[in-house]
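Quick heads-up: it's one chain on its own, the form predicted on its own, in C-alpha cells.
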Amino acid sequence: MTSRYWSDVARELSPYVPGEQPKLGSLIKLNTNENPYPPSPQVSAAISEELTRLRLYPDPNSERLREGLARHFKLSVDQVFVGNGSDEVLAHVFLGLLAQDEPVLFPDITYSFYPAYCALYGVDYEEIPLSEDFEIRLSDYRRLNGGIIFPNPNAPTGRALSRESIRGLLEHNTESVVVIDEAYVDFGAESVVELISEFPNLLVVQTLSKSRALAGLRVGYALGDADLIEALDRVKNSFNSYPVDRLAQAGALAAIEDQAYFEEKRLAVMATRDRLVADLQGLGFEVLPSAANFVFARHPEHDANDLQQGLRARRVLVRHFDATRIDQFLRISVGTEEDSAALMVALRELIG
C-alpha cells in the first residue's frame, strides 16, 4: 500500500529489514549479533560525567573522539570520520564516494543495506556472486567499476579474507574507491587499516556496536585518506551537523581507551564461538568458517525456517534469511556460554 503523497523515491524503495527486537525480556536473543557482555565500566563513568552538559549541543565534529581514534589507529585526525552508527557512515559513503558513472560492485550475498542505499541515492550497482562455498572471489572484481564495497568478514556468512588478498585487489583497482566494511573484524579477521598509508583509495568502516558492546549508543567511523574523509564531511554537514550526541561521544572514547577490557571480552566471544561451532557440527550442522561474532549454519535434514520457528517456540531467537542460495541457513549470534547451552538443548529437542 502506498500513499498518493509519497515521492517516487519513497514509492520504489525496498527498505532494509533489521533483526527482530522483541518486547519480551525472557527470550534468548541470538538474532542481531549484539555483544553478550556489557561495555567497559569506564563507559558508564564517562557518560555519567557528561549528563550535566546535555543542555549544550555536542561537538559537531566529535574532535575528542576523532583524536582518540587517530591515536588508537596511528593516523592523523583528518583521516578519521565519525557518524551515528556505521550505517549512517555507510550511507554517506554511498552518496559521497560511490555515486559514480560506473556501477558499484558488491557480493550477491552480503549486508542487505547496500542495495537499499543504492536505491535511495540512485546508485547503479552490480552484484558479484560468491563462490559455491560462499567465499568472495576478489578476481571477479577486476573489472570496470565505480567503486567496490564488501564486509570483511562478510555478513551473513562470517567468512573472512586475508589482508594480503585485499592488498592484491587494491594494487589492481587504483581508479575507484575500495570500501572495506569491518564491522566484525575484531573477532578474528585481519584489518586493513595499516594499508591506508599505501592506498589513497582505501576506506575502512568500523563500528563500536559489536566488539565494544555499544550497539545502543550508535557510533561508527571511517578511516582513510584525508581526501576521502573530506567528501564524507561535506555530505554530513549537508545532512546533519550534530549526528553524534554528547553521551555517545564520551562513551565511545572511553570504550576505545579501555583496551584491556576490549581484549578480554572479544577473546571470550571467540572462545564461545569455537565451542558453539563444535557443538553444532556434533548435531550434524554444516557451519561455514566464521571470523565474526556469529555463525552461519545449515542442517542437511531439517528446513531452516522450521528450525527457526521451533527455536522461537522455545524462546530462542536466531535469524533466517529467505533469500536465494541461503534460505536453508540460520545465522546464530554468539551469546554467553549459558545462551549457547540453552540453544543446544532446544536444537537437540528439535533434531532428536
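Fair warning: this is a prediction, and the values are worked out from it, not measured in the lab. Quick note: we count residues from 1 along the sequence shown, nothing fancier.
Beyond the structure shown, there is the form predicted in complex with a further copy of the same chain, which is absent from this document and is the topic of what follows.
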Task: Segment that reaches a further copy of the same chain in the predicted complex - one of 301-309, 35-43, 322-330, 281-289, heavy atoms within 4.5 Å - done: 35-43
- [ ] Just give me the single entry in 108, 102, 175, 164 that has a non-hydrogen atom within 4.5 angstroms of a further copy of the same chain in the predicted complex.
- [x] 175
Open item on the list: Give me the residue from 75, 215, 196, 270 that has a heavy atom within 4.5 Å of a further copy of the same chain in the predicted complex.
Closed with: 215
Open item on the list: Whether residue 143 contacts a further copy of the same chain in the predicted complex should be assessed with a 4.5 Å heavy atom distance threshold; does it?
Closed with: no
Task: Heavy atom of residue 127 within 4.5 Å of a further copy of the same chain in the predicted complex - done: no
Open item on the list: Please tell me whether any heavy atom belonging to residue 200 falls inside 4.5 Å of a heavy atom of a further copy of the same chain, as the geometry stands in the predicted complex.
Closed with: yes
TODO: Indicate whether a further copy of the same chain has at least one heavy atom within 4.5 Å of a heavy atom of residue 313 in the predicted complex.
DONE: no
Open item on the list: Given a 4.5 Å distance limit between heavy atoms, list every residue of 53-90 close to a further copy of the same chain in the predicted complex, or none if there are none.
Closed with: 54, 55, 56, 57, 58, 59, 60, 63, 84, 87, 88
